[in-house]
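Presented as structure tokens, the chain that follows is alone, the form predicted alone.
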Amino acid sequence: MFKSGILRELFDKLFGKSWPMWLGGILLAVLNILLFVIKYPWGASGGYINIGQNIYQTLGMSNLGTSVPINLHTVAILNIIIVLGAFISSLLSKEFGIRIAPIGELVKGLLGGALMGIGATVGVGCTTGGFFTGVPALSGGALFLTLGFMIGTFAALRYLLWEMEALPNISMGKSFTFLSGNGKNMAWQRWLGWILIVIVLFIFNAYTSKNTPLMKIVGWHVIFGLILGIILQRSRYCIVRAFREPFMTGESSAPVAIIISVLVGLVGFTVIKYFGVGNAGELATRAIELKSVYPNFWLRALIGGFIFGLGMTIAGGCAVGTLWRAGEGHVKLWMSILGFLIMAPISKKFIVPGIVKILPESLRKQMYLPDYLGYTGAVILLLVILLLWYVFVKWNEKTGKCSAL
């Protein structure tokens, strides 16, 4: 695109090679803080649910539908534009390709997505809204959701290792790649990337030119979705790896990157919640404090997190990891998205009410840590937990005591 000079050098730095995952994590955390200021911190499962509900609504299944269209649902818009942003990034970096995995892997993608849809609705959160956002939001339920992710990931990993030995044919078969960016005569991909950026900017202007607060907020989610998609794809930011690698290869780079990003988010969220940034009055401040603090403490979060952990490990991507990998052209993750979209509205309508009815309020309450520990105590607790996680993954990297491989 650029033949030489300063612009070519900048382009090569951005799209010539992958970024460090820790850098992507810091940038994502900063953007999450800004999303908090604009309206609400980053989440993904709510967007899946809304898109799925709109699909059912279009098919005439109004009992699974919704009155909120996709184009007015900020999280749904964010999810869609993240896929588009990752697609644009993979085009510009010549990393796009339609990659069709063997049939068995495609089925696992579909099943993994369905399990994530159940887990996210039962546990009230995914790895993004429930963990990446939930922990910095000082949510007690987020801690048990995270524990559920870890247990589910470990169980699914043990299954996959068993499957490789006992049922190797499930994942065997032909795989295909089309339109690879490294192939001949693929220069059009970068041109398409630039054209799509212009289209996204046009969509942003179409929203923000309308003089209503909602349309302006949705418009800015379009821009944030584009940036998030690019950062996710370039840094290959993967929360699944953070939970999986210590028990698989023992590598600590992914967990350390996640820990750094959660720390950045923790600082920003604590400041916003403590001072009630952008709000006035006791009620407004309380509403800010309870953002991303869901009624899932403690057993509900643990159950949902476990189911979600199973799903994301089998699928090979969490709610957001699935989005940017789908943007790169991985058909297995397209199947994961499909499974999530199909199952999440069904789970919300038919599975979650039964679980809520069975569990007493004490096992599914809304718990804001500063209400019990104060802000100082809550932050110290989270810092200790993150430090222990860091010590564990670094120790395990050196000793391999908990690694399966």
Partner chain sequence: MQVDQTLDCKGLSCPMPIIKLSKTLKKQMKSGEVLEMIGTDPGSKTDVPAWCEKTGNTLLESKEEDGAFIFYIKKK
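Since the model is a prediction, treat every value here as computed from it, not as a measurement. Numbering follows the first chain given and starts at 1.
The same protein also exists as the form predicted together with the partner chain; that form is not shown, yet it is the one meant from here on.
**Student:** Check whether Met164 has any heavy atom within 4.5 Å of a heavy atom of the partner chain in the predicted complex, and answer yes or no.
**Tutor:** Yes, Met164 lies within 4.5 Å of the partner chain in the predicted complex.
**Student:** Spell out, yes or no, whether the shortest heavy atom distance between Leu290 and the partner chain in the predicted complex is within 4.5 Å.
**Tutor:** Because no heavy atom of Leu290 falls inside 4.5 Å of the partner chain in the predicted complex, the answer is no.
**Student:** Give a yes or no for Asn211: in the predicted complex, does one of its heavy atoms lie within 4.5 Å of a heavy atom belonging to the partner chain?
**Tutor:** Close contact is absent here: in the predicted complex, Asn211 is far from the partner chain, nothing within 4.5 Å, heavy atoms only.
**Student:** With the partner left out here, check for me: in the predicted complex, does some heavy atom of His73 sit within 4.5 Å of the partner chain?
**Tutor:** Because no heavy atom of His73 falls inside 4.5 Å of the partner chain in the predicted complex, the answer is no.
**Student:** May I ask whether Ile272, Gly321 and Leu382 all come within 4.5 angstroms of the partner chain in the predicted complex, judged by heavy atoms?
**Tutor:** Zero of three within 4.5 Å in the predicted complex.
**Student:** Which pick from Leu266, Ile260, Met248, Leu111 sits with a heavy atom within 4.5 Å of the partner chain in the predicted complex?
**Tutor:** The residue in contact is Met248.
**Student:** So which stretch, 76 to 84, 296 to 304, 165 to 173, 222 to 230, is the one near the partner chain in the predicted complex (non-hydrogen atoms, 4.5 Å)?
**Tutor:** It is the stretch 165 to 173.
**Student:** Would you give me the residues of 329 to 345 that have any heavy atom within 4.5 Å of the partner chain in the predicted complex, in order from first to last?
**Tutor:** His330, Lys332, Leu333, in sequence order.
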